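The chain below stands alone, shown as structure tokens; this is the form predicted alone.
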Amino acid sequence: MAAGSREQWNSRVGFIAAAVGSAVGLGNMWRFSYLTAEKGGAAFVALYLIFTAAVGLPVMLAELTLGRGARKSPIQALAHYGGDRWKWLGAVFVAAGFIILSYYSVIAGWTVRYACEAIFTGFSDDPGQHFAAIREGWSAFLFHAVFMGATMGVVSGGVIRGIERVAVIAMPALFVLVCGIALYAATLDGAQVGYRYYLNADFTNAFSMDVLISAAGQAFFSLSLGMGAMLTFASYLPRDSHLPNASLAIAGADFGVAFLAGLMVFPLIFALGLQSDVSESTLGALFVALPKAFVSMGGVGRFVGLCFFVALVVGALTSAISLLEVVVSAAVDGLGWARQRATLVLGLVITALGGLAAWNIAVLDVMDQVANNLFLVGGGFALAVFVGWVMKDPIGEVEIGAEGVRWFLGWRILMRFVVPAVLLVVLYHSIPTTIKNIWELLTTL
């Protein structure tokens, strides 16, 4: 590749697959269905779609616009449109990706371990005790390092030969696996009870502050926003790409996989009478209740469990690739490092930082809250202010390649008023809890 040139996606399909892979991850495949069941079923889905349209899609379109226009990673992209005084916001995006990947890969390492156990030993007869034994320590760190190694291997291959090549295979495979398990779950006696639990239309508390914040947060988090992933991926797009169509395709595919995941998980749990194991701990349900379900199914459960955890590994890998690419791209653009050097050095540093989460699950929980509640939401709020009030002519930039679209004025209004207001409310309710949990962790160390 010539000096100073920048890679481009080989096809629109490759970009969409990679962007959807960034959005569809462990949290999305389980967290969406869990929140849907706990927060009002169909009522929560309706609120989620409203907030996706009012908050998620506008922020995604903003990230895509900045990335494609500047053709740089987050720090340089913000400087391109706002001057050096806005580099800090790009640095927040990079820091978010750095922190999230460090603990996310620990959770992903658990999924790798469970997939391996499905192949070689079968699932434990006591999933709760087993998970408590393997979630921390050298074992957790080893699988975390293995997963990080796979992520580094893909990112070091570049946009076309690494990220796009994996995404165009992984995302269809993930969709097939999720659909296959969902269809099998539908054949189980008692599956209808799971569907009713998942899709109950409870509007009683639909407009309570707790449900509204959960729906807004899920709409923001599930689309992989506020961490610079969409911005970075968009920097490899051709100048005439139709960004509104891309945004709708990514959001639609992301919602589809998340919704299907609920049709896969809850029929399995309820058909086998394990609903009491679905507690406030989403990780506990994922790594305890479902393995217990697979054990109770006998031989077929081992195969279904293998497919399930392979699907989780695929979703985790595509998300991890986007997180590492944000960090690597920033080093390539800002420090002039070669891609392979940036991937190796930064990947090893992230692996080392993840050791804190691998040896102490309380650290993992706090890292997750800090990244999601402070970095992502705060970064998204600042991005909305930047595009809505600081950036010169964002409509002129986003219109390139999409001249027939007539609602960009509405997008600008949402970015100026609605998105900042919603994210400010989420921040207001998240910061006290996050600070409290950080303090509790520090006092116990």
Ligand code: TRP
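Remember, predicted model here, so these are calculated numbers, not experimental data. For the two forms, the rigid core is made up of the largest set of C-alpha atoms that agree within 1.5 Å on superposition. Throughout, we count residues from 1 along the sequence that is shown.
What comes next is about the form predicted in complex with this ligand, which does not appear here.
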Heavy atom to heavy atom, is Thr232 within 4.5 Å of this ligand in the predicted bound form? no
With a 4.5 Å heavy atom cut-off, would you call Asn28 a contact of this ligand in the predicted bound form? yes
Using the partner position in the predicted bound form, report whether Ala18 sits within 4.5 Å of this ligand, counting heavy atoms only. no
Is Phe221 a contact residue for this ligand in the predicted bound form, using a 4.5 Å heavy atom cut-off? yes
Per contact check vs this ligand in the predicted bound form (non-hydrogen atom within 4.5 angstroms), the hit among 113-121, 165-173, 314-322, 190-198 is 314-322
Taking this ligand in the predicted bound form, would Ala23, Ile100 and Leu376 all count as contacting it (heavy atom within 4.5 Å)? yes
Using a 4.5 Å cut on heavy atoms, which of Phe147, Phe308, Tyr104, Phe266 is close to this ligand in the predicted bound form? Tyr104
With this ligand left out of view, which of Ala293, Leu225, Ala140, Ala330 would have a heavy atom within 4.5 Å of it in the predicted bound form? Leu225
With the core lined up, does the C-alpha of Arg412 move 2 Å or more between the shown form and the other one? no
Core-aligned CA displacement of Trp30 at least 2 Å between the shown form and the other one: yes
